[in-house]
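We begin with a single chain expressed as structure tokens, specifically the form predicted on its own.
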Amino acid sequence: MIIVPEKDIASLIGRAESLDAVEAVFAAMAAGDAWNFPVIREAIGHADALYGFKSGFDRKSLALGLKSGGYWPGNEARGLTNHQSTVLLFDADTGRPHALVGGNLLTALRTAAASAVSIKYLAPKGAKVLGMIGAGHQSAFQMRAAADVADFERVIGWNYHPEMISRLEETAAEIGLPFEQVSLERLGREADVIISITSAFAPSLLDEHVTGPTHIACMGTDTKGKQEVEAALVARARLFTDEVAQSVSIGECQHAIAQGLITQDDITEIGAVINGTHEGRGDAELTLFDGTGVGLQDLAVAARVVELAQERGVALEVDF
């Protein structure tokens, strides 16, 4: 079995490889060549932790396995990342364990890659202004990945906790873009592309905020009850997602579904746009990508890491 420790991930894979892997697996899902298995996510009754599994199989790449992990809110006090995860890959031909891969950085990279894929295919033509809602750890990954696929000229941002906005400013400076902290009203009016990456259970971005041709990537809603944007805004958009089943149950679309504003048939998998079986943005003024996070994303980037580790001769191999 191959082992790729967390400490080695950053030296093996970057944003470009992650985007390619996620784009390919979205295409495979839409073509019926890959599927996710039901998600398990539970409070364990210890350390206030949430723990779960995401798994799936890609018949095209033969990636088979699961990501195990969750959220330990007390980890920061221990000098550890609150989100902890590990990916286990199996040999699709025999079922034997193939690789054990650190999943923390990969989770951040694959989440940012998903929103970047949506921007690549759905952003308004000539998009120049990137709007960021949320300034947590993941926001920096999101901004960098977005800048890889669109020629933005400036970044504007808003955060529930204004004292944390410096992360957005510093990241924008790192990629050579001016940054301005703005109100939600200005953000919705001026941004061509909006990335929302929060853990909120109540909407911040409202329907009345967003005007003009816009693409929104909602990347924080992955649990029943979470919500980042108003349901009426979701209902006004042409809707895309990673997986429809998760979108309507734990994603941003769950609220518009519950209110009867949309149906499941109003949501398209982003892979259909990648494969050319759906026109994508078309003549829509507003598009929205509901990024719920699927196990196949984790398997795709983990499998690529294993390939790179083997190619570079740094993979650890153990008898198992």
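Computed from a predicted model, the values in this text were never measured in an experiment. Residue indices: 1-based, along the sequence shown.
One more form of this protein should be noted, the form predicted in complex with a small molecule, which is absent from this view; the next part is about it.
- Heavy atoms within 4.5 Å of the small molecule in the predicted bound form are found in exactly one of 95-103, 145-153, 232-240, 193-201, that being 193-201.
- Contact with the small molecule in the predicted bound form, defined as a heavy atom within 4.5 Å, holds for exactly one of Ser55, Thr287, Thr292, Gln254, namely Thr292.
- This chain lacks the partner; the member of Lys128, Lys224, His137, Arg186 within 4.5 angstroms of the small molecule in the predicted bound form by a non-hydrogen atom is His137.
- Although the partner is absent here, Leu80 sits far enough away that none of its heavy atoms falls within 4.5 Å of the small molecule in the predicted bound form.
- Looking at Gly220, you'd find a heavy atom of it within 4.5 angstroms of the small molecule in the predicted bound form.
- Taking the partner from elsewhere, Ile175 is found to have every heavy atom lying beyond 4.5 Å of the small molecule in the predicted bound form.
- At a distance threshold of 4.5 angstroms between non-hydrogen atoms, Ser85 is out of contact with the small molecule in the predicted bound form.
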